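Just one chain is shown here, as structure tokens, and it is the form predicted on its own.
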């Protein structure tokens, strides 16, 4: 029964990881640039949900669409103000541009909001439910359901809409896409917007039960990188499968071996993937 409880908790956690990784994978698959500020964008969404709850009494679940849209706009702005300027620059310049952006956002959060840990007071979803001897936290359950819904919307957008097809065409061959009238810069901006909207949704869902502080996005981003590497850079379905695998690995290794070793096995997966199958389970890079 304890093992089954661990599996349930691992799947719930993994679904949130999958949504965070999906945004990262979408951006990389589109333009082969890793967003090293992904965790800090998650942190911004969590702070946004927190302050709206504290100052105006708006529960994070109710403000979720607002912050998803705000992060979408932030992603579009990030592309035009930062990424577009280094698009043709050497890889190191691209890496340091997003890494520097992450350092700036985290330092800004420490300066404005202090390093204190914060928690949303009295969220709408709290407590736990019991079924067949298993206990599930309601905030974690709602977060996983929200992650599945957001993931499904992203997948349907990319695979079933004209804009999504244009994104895929740009991802496959931006020069060929330009020949048929697809503006690659608009697609890149859309990709950044969609990627940050995903992490915005994940951040708001996490704010219901996770402490909020300036460095909160760092561990989530690290695990998201592992999930993207395992699923395959640029593969959205791969991010989904890999997120669940990572969630199960983290919870079960912490349960069966010891909490201090739970990240050891997560990053061991990363090393094995890089050595044995660098393109990941579903990737093409």
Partner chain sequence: MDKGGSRPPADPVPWKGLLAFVGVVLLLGYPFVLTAPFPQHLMIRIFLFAALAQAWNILGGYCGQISLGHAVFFGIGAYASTMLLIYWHLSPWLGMLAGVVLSLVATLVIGYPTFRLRGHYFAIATIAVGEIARVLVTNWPLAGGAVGLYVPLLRESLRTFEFHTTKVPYYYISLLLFVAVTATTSFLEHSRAGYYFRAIKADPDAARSLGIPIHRYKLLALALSAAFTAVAGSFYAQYVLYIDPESVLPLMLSVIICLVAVLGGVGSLWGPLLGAVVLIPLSEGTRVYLAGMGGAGRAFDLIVYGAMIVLMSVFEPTGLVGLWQRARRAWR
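Residue numbers count along the first chain shown, from 1. Owing to the predicted nature of the structure, the values given are computational and were not obtained by experimental measurement.
Although not depicted, the form predicted together with its partner chain is the subject of the following passage.
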property	result
Location of its partner chain contact in the model of the complex, chosen stretch of 46 to 54, 64 to 72, 221 to 229, 237 to 245 [non-hydrogen atom, 4.5 Å]	221 to 229
Heavy atom within 4.5 Å of its partner chain in the model of the complex - the one residue of 153, 108, 125, 141 that qualifies	108
The unique member of 136, 182, 148, 95 whose heavy atoms fall within 4.5 Å of its partner chain in the model of the complex	95
Contact label in the model of the complex: residue 131 to its partner chain, heavy atom within 4.5 Å	no
Contact of residue 186 with its partner chain in the model of the complex (heavy atom, 4.5 Å)	no
Residue 32 within 4.5 Å of its partner chain in the model of the complex, heavy atoms	yes
Non-hydrogen atom contact residue 91 with its partner chain in the model of the complex at 4.5 angstroms	yes
Stretch 132 to 146 - residues with a heavy atom within 4.5 Å of its partner chain in the model of the complex	none
